[in-house]
Every structure is written in structure tokens, then in C-alpha cells.
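Below you'll find only one chain, the form predicted on its own, shown as C-alpha cells.
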């Protein structure tokens, strides 16, 4: 009896061990067997391997989600890596080089040429150059642009320059305030841009005398060499069209950024360029449109900043009497004759023709 009882537990223990080993082998090998020949467990539809699955996700393909948001179906947006590389790479590097390079060149030019004086000296007599509406349009556009430039530069470079100096709390405060200022003052800039275009476009049509002005370098390199010019010389005309076209373009991209996923500006633009021989992609997703808008907004803004620095210089410390044109609206007659002689002649001719003859006694 005792011998019979002692054999039964041994047999049961042996069966238990065999069962555990069998289940362990079955479960440990079943995934490998299921993955053979590119199959997935349960004969469900799917990709052939983990590598294919990762590649599918990594390329930015979308899956299926219950949310009513097509962007939520994309697990990894690969274009974001490209956007970040361009923004933090070429745009940041070349943008800083352009702005700082212009400041450096203007400093060298000022050291060599000094302030451009009125050759014949101030006459003490003035002539009206810009009326109140002109000056309002200019300062509305210029003032808002300066704030937009400062807040935009902070968004691009602030974390590398200001954050270590100010600390996270102060930097977060001024950056948040700057973001609101950037968004709202953008509309002031667009209003000033449109008004300036309406007021000055007729004076900025290119003409033959602009070629002579360009050949003479505008008279800023050689003392006393002042080429003829009307109300706006060739240099001012170039600034005008750069600001108008660039400002309009940066306004469109800015609106697209403030109201995201509502426009297809780049897809349509690429489609037009393809008509004349380009081969650009037109099947852009809403997120790709936003990324291109952001990159273009940064590029055009930095180009405008670089060019406007030269305009600010020559209109202030670089040339005697130039700032009066947008401050009081009146400039010295000798300054006007030296830099805009044809315009002075036109104004004088209009003034004489508008005078009525004295009545006969």
C-alpha cells in the first residue's frame, strides 16, 4: 500500500513538468512561426515584417482612427524632421549672417564715407516732401515692421541668446507677449503696406533716368556727384518694390500660419510653376503646407530685415536732412535740389502755374 501511494505523486509531478515544457515551447515558438513568410498572428491583414511596419510609419503614412481628425491618423510626421533641419540649419545660419553682415558693412561704410552732408549747406528754406497721410502710412508700416522683426527674431534665436541670460520665467513671459504682439500688429503692417502702395506706386514706375542713377551709384560714393532724380530715385524704387512684393508675400504666409490648415497656397503656386517647366509636388498635405508657410515666412522676413537695415541707415544717420522727410514732412531746398532735382523743378513749376495773376486795378 505504501509503495503504491509513493509512485502516484511521482507520475503526477512528471506529467506536470511535461505539460509546462510543452506550453512553454508552443508559446515561445508561435510568434516566430506566425511571422514565417511574412504572415502575422491569426492570419490577419498586415505588413510583412517589423521593418516594413516601421518603414510604413516612418514615411508618414496614415492609418485609421476613430477621431474626426485626419492628422491624428499619422503616428510619425517625417516631414517635421526636414522642416526642423532647414529651420534650425540654413535659415537660422544664413539669416543671422545676412543681418549681422549688413550691420557690419554699414559700419565700415560709415567709417569710410561718414555722414553724407548737404554739399552746399542748409539753405534755411524748406519744401514739402510728404504730407500727413504719407507720413502716417510710412510710420504705420515701419513701426509695426520693427516690432514684427524683433519678436520674430526672438522666436528664431531667443532660446539660444536670451534664455540663458534671462532665465525661463522671464523669457517665457516676453516671448508669449511677443507672440501676441506679432499676431495682432501684423494687421497694422498689412494696412500700412496697402496704403503706402496706393499713395506711392505712381512715383515708383521705373524710367530711363534710373539707369543713370544706378551707374552713378546714387552719388553716395563720390562727394558732389548727384545724378538726376524725381521724387523717388532708383534706390528708393528698388526698396519700394522689394517691400511691396516681399511684404505682400510674407503677409500671405503669415495669414496662413494664423489660420492653419485653411489654405493651399504652395500647392497652387507649384502648379502654376509646373506650367512653365518646373517639376514641383502639388499633392501636399495640410501639414506640409503649414511647414512650407513657416519656412517661407522666415526666409522672406529675414531678407526684408537685411535690406531694410540699409534703408534705415541711409534715411537716418547716413545722410544729413533725410530724416526730416518723414518727421516734419519738409526738407531743406538745397538737400532736395541735390538728391531730387527733377522733382523740385516739377514742384516749382506747379507752384507757379497755380498762382493766379493779380487782378487789374
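Not measured: the values here are computed from a predicted model. Positions refer to the first chain, counted from 1.
Absent from the display: the form predicted in complex with protoporphyrin IX containing FE (HEM). The rest refers to it.
At a distance threshold of 4.5 angstroms between non-hydrogen atoms, residue 300 is out of contact with protoporphyrin IX containing FE (HEM) in the model of the complex. Residue contact check for residue 97: none of its heavy atoms lie within 4.5 Å of protoporphyrin IX containing FE (HEM) in the model of the complex.
Proximity of residue 295 to protoporphyrin IX containing FE (HEM) in the model of the complex: non-hydrogen atoms within 4.5 Å are absent; the residue sits far from the partner.
Of the heavy atoms in residue 141, some are within 4.5 Å of protoporphyrin IX containing FE (HEM) in the model of the complex.
The candidate spot formed by 130, 240 and 312 is fully in contact with protoporphyrin IX containing FE (HEM) in the model of the complex: every one of the three has a heavy atom within 4.5 Å. Comment: protoporphyrin IX containing FE (HEM) is not present in this chain, but in the model of the complex one of 171, 213, 189, 83 has a heavy atom within 4.5 Å of it, namely 189. From the list 228-236, 270-278, 179-187, 162-170, the contact stretch for protoporphyrin IX containing FE (HEM) in the model of the complex under a 4.5 Å heavy atom rule is 228-236. Along 304-324, these residues reach a heavy atom to within 4.5 Å of protoporphyrin IX containing FE (HEM) in the model of the complex: 308, 311, 312, 315, 316, 322, 323.
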